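Coming up is one lone chain in structure tokens, specifically the form predicted alone.
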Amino acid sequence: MKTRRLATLGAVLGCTTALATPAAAEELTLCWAAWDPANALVELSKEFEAESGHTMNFEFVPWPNFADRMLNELNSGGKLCDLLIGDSQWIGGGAENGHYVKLNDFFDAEGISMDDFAPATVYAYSTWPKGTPNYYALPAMGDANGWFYRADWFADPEIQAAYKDATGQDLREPQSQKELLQIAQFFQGREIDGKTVYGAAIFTERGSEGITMGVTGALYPWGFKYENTPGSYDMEGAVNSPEAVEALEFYKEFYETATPPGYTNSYMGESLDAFKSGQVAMAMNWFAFFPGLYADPDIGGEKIDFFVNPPQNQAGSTLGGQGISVVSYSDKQDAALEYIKWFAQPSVQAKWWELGGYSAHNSVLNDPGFVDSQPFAGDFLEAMNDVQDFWQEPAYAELLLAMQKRVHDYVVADQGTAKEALDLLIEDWTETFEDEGKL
């Protein structure tokens, strides 16, 4: 499939908008994770440098170390970052602990409206308390956990016939979580082009956030909820519901029956490596990586295709993505706010999408040419309509570490039952919320 530009790009990419009341020339440092979209942002930001006279520096940290490095920087009141593209789950701590500048007055003064951005991204990336019109970030990078697969294998007549014989069904993009597992199990241990291949690469990493981001890809389609009533912290019967237990059991079965051997501590990089090396028929990963995969000379183009995380009892995708915030400890806040204003322009947002970033601006997402602009664009829109996110509480890190331990102990280390793992998780989270004064 040949990539097309959005219909509006030709009209807007050459346009620039003078920034009102520019600050004196500054050197700004923008902090983010080290991945493909960060490289695209470096390229995009050259236009800001040319327009504003400011110089942009970048501090990009590998994902496994990103949270520790940046949260330590914020908690210590460090001045490394003037701008931070922080994970959605940090917004509560960023607001309550005074790490992020509240942007409401700035948005009002500059005519920046949150109505111009996708509602799910405003809710997840910008607001605290959740859903209130109190903004601490501009939606910067829409993202969700999706899937990609070897389209050339799925189209192979011999493989299609073998799948039909084995299952009585046609080989296709999975329409449910259970069909996803069935397809993965079909490919597990199969010989293709003289090489033994495996079903799928999923997330199992223990140290940071990996297995939580993976297992929620099953929990959410089964109907998982963190609380019975939002804001109540009433978790009994929600976190450990029968549907949640079934979903966690499903993920363990997936791990045990349809992944490469030794796949005990895998996250983004391992998923990409497994797919690019021809080990697996399918892989989960963030949409952020899809442009690079499609462009890959070995496994991209006609050899790859993409699908949204399949539903089960309901549609549900694990939210990724981030907002961009001004760090309150920065001595260059005026210049940092100039960058926010520049980045919010529809013309800049259109180019951000073209370069490989994921704009959350409605002018990009609602453009008539958006769905056809990339082979994964329609799946991205579908995913963002049904995303769920992890806790965004100030105690996010402690809450995440508890889930990492409990689900990894069950899924990978084979300790206890799914119900026991979720019961223990409620105990962990209850203790955290009691310490926080929420219970």
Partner chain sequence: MSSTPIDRVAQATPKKVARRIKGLSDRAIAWIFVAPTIFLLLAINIFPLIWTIQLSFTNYRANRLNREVENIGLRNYERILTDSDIWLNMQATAHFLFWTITLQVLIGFTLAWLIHRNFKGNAFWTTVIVLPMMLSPAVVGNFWKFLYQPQIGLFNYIVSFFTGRDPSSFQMLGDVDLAPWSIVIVDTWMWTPFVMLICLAGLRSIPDYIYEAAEIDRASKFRQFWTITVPMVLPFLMLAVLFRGIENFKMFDLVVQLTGGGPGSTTELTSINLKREAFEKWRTGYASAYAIILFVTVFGLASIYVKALNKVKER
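Everything numeric in this text was worked out from a predicted model, so none of it was measured. Numbering follows the first chain given and starts at 1.
Beyond what is shown, the protein has a form predicted in complex with its partner chain; the following relates to that form.
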From the list Gly301, Gly207, Gly369, Pro346, which entry has a heavy atom within 4.5 Å of its partner chain in the model of the complex? Gly207
Heavy atom within 4.5 Å of its partner chain in the model of the complex - residue from Tyr198, Tyr135, Tyr123, Tyr339: Tyr198
If contact means a heavy atom within 4.5 Å, which one of 65-73, 25-33, 48-56, 380-388 is the stretch that engages its partner chain in the model of the complex? 65-73
How about Glu431: is it within 4.5 Å of its partner chain in the model of the complex, going by heavy atoms? yes
Can you work out whether Glu96 and its partner chain are in contact in the model of the complex, taking contact to mean some heavy atom pair no more than 4.5 Å apart? yes
My question is simply whether Pro394 lines the interface with its partner chain in the model of the complex - judged by any non-hydrogen atom within 4.5 Å. yes
Does Val412 reach its partner chain in the model of the complex, with heavy atoms at most 4.5 Å apart? yes
Check, residue by residue, if Ala151, Pro157 and Phe254 all come within 4.5 Å of its partner chain in the model of the complex, counting heavy atoms only. no
Checked 260-287 against its partner chain in the model of the complex; residues with a heavy atom within 4.5 Å, sequence order, are Pro260, Pro261, Gly262, Thr264, Asn265, Gln279
